[in-house]
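Coming up is one lone chain in structure tokens, specifically the form predicted alone.
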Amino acid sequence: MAIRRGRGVAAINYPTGMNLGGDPTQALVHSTPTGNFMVTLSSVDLGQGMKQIMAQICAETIGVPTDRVVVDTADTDTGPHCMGTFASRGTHRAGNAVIQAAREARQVMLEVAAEELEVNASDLETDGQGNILVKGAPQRSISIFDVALSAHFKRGRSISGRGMFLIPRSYPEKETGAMKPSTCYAHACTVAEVEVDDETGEVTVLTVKNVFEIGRALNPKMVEQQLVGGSWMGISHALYETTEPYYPNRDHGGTDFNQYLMPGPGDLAQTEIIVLERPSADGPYGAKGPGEMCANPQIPAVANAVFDAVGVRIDTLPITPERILRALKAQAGAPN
């Protein structure tokens, strides 16, 4: 009996969004009288940071600091239409809609500023700090605060915009059934190293090294946090989590979270994250959707590492010590 070490590799690709009716999302952007901007969405922030990313996208497009943007996710009664927050579609779909809406609002803003400065709107640019400047003559400028006041109380203009992102629908070919269900894909590869006790079946994950290709990381620190957390979640799915240990038999299933097995801090492996940026042609500033993909490749990587360590293939999750021991007995010809 011994502690055996193994290494497993797994690579995946993951579609961003889906191909149902164009997978649409809408966004509204408008300025307040004081030059702040409100983004209205029905897309929901589930903790993945959507509000922050939408604020960054809007601010970048209009040309204002991010702290001048507020994102209201409203609800489906009062907000513009959205298919939902799922399928790793939030940043890609809502982000594109916000860009469209913000561009429209920016154009109105520049038109009002042009009236105030007595120039053409095409001769203006923003400095990213809350000011609008005449190109080549930055001493001629006006603050966005003053432009918003003028629009509301002098010019009678609404600095606002509407955006909707809709992907081209892909229909299956009659002869082959081939289709294109997504316009862009994210990619990942994981290498997991484990130790397996062939007497007890216990698995210890030593290291997990992950490489993710996610288009462009619009907020690198938030991306890193999501990818690390997702990697830990993948390990948890691989080795621990289940509500039905003997499905479809309900015996011994947990009844609450006190009985729901998950890894603690001491069970988490040394984790390395590498992000590859290959901007998507149709993504907002090149972004794709890393959301769900980040917890996927660790599962087959751990399963392959267990196989490499003790030579048994476990194809039912979670990979418990009991299942490993039963597989080892079956391999040796012993009755279970």
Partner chain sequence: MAKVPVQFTLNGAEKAEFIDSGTTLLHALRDKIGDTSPKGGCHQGTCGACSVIIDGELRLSCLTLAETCNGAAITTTSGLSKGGVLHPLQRAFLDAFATQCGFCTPGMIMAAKVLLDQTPNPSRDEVVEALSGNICRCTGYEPIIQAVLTAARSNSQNAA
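Positions refer to the first chain, counted from 1. Computed from a predicted structure; not experimentally measured.
From this point on, the text means the form predicted together with its partner chain, which you will not see here.
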Discussion item. In the model of the complex, is there a heavy atom of its partner chain that lies within 4.5 Å of any heavy atom of residue 174, even though the partner is absent here?
Written reply: no
Item to complete: Considering only heavy atoms, tell me if residue 256 and its partner chain come within 4.5 Å of each other in the model of the complex.
Response: yes
Worksheet item: Is there a heavy atom of residue 100 no more than 4.5 Å from a heavy atom of its partner chain in the model of the complex?
Response: no
Discussion item. Residue 226 versus its partner chain, in the model of the complex: is there a non-hydrogen atom within 4.5 Å?
Written reply: yes
Worksheet item: So, 18, 168 and 218: all three within 4.5 Å of its partner chain in the model of the complex by heavy atoms, or not?
Response: no
Worksheet entry | Stretch in contact, per heavy atom within 4.5 angstroms of its partner chain in the model of the complex, of 42-50, 26-34, 282-290, 65-73 | 42-50
Worksheet entry | The single option of 248, 264, 156, 136 touching its partner chain in the model of the complex, heavy atom within 4.5 Å | 264
Fill in: Candidate from 108, 184, 124, 233 lying within 4.5 Å of its partner chain in the model of the complex - any heavy atom
233
